[in-house]
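The form predicted on its own is given below as one chain in structure tokens.
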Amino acid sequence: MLRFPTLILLLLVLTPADALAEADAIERGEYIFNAAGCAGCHTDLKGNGPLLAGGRPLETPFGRFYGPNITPDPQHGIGAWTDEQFVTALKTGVSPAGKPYYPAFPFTSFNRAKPEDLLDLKAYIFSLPPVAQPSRAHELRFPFGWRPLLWGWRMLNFKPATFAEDPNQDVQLNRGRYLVDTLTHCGECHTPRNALGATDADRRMAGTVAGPEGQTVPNISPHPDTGIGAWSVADLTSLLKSGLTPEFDSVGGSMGEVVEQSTSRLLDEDLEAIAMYLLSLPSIDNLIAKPSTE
């Protein structure tokens, strides 16, 4: 058994290291937070709502979803969640109460995230101010508001996966794949969905006329005519950093928000990795709208 003076000595030695480790985790988590665009979906920006306190509406063919409160408030937010519950929610789409989440929450992408990245993300979120604001209930058309139906949806459309680096790709392409397919989850908006709201894997990144908020989302596969195949890595990197296309148009709508809240805050080397990966994908001829104007 440790004597009291020895315990005090250990606390004095370990506390600074623990504090430094926690600070490092929060810093890494902030970067993941920005990459994932958490603030955009969980903050009512137009209503000047508190950060991550929920209330952001999202119009879909199934009705209106509202981003929930994910501040560290123990009652109205996620402050009572354990590390395991947080990782489980993002990777499996199941709440601590055992209820399935709607795929408006992109667990279908986050399920490939590295657990250590998710724990860093939790550390950052839990470092933010708690907000005692109840989450708004979704307003969905019948029968989509009946949550047990989601178990059937999951059986048909969700296959849990883990991220594994492709040994046939270099480090930068693997990094780009992790960012695009998992953290920034580009395909959630840029891939068409079927009648049940599942993404069409055969038309990945091919754009859609029925994107979030009813917006047209352009084809970002590398097709030379209807996609971004004529763009260079530098063109794409510049757009993700500044919101300006090669024609000096400014992106607007949801993509403008993504640039402001997410990609403009990423390192240049990560933006280059994203661009390289997108340009390496299969080319799909699908005329939706010019990427330069959306």
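Keep in mind that what you see is a predicted model, and the values were worked out from it rather than measured. Start at 1 with the first residue shown and count on from there.
What follows is about the form predicted together with a small molecule, which we do not show.
The candidate spot formed by 81, 105 and 258 is fully in contact with the small molecule in the predicted bound form: every one of the three has a heavy atom within 4.5 Å. The contact residue chosen from 175, 223, 138, 154 relative to the small molecule in the predicted bound form is 138, the criterion being a non-hydrogen atom within 4.5 angstroms. Within 4.5 Å of some heavy atom of the small molecule in the predicted bound form lies at least one heavy atom of residue 218. Taking the partner from the other structure, the small molecule in the predicted bound form has no heavy atom within 4.5 Å of any heavy atom of residue 50. Although the partner is absent from this view, residue 184 contacts the small molecule in the predicted bound form, with a non-hydrogen atom inside 4.5 angstroms. Using a 4.5 Å cutoff between non-hydrogen atoms, residue 254 counts as a contact of the small molecule in the predicted bound form.
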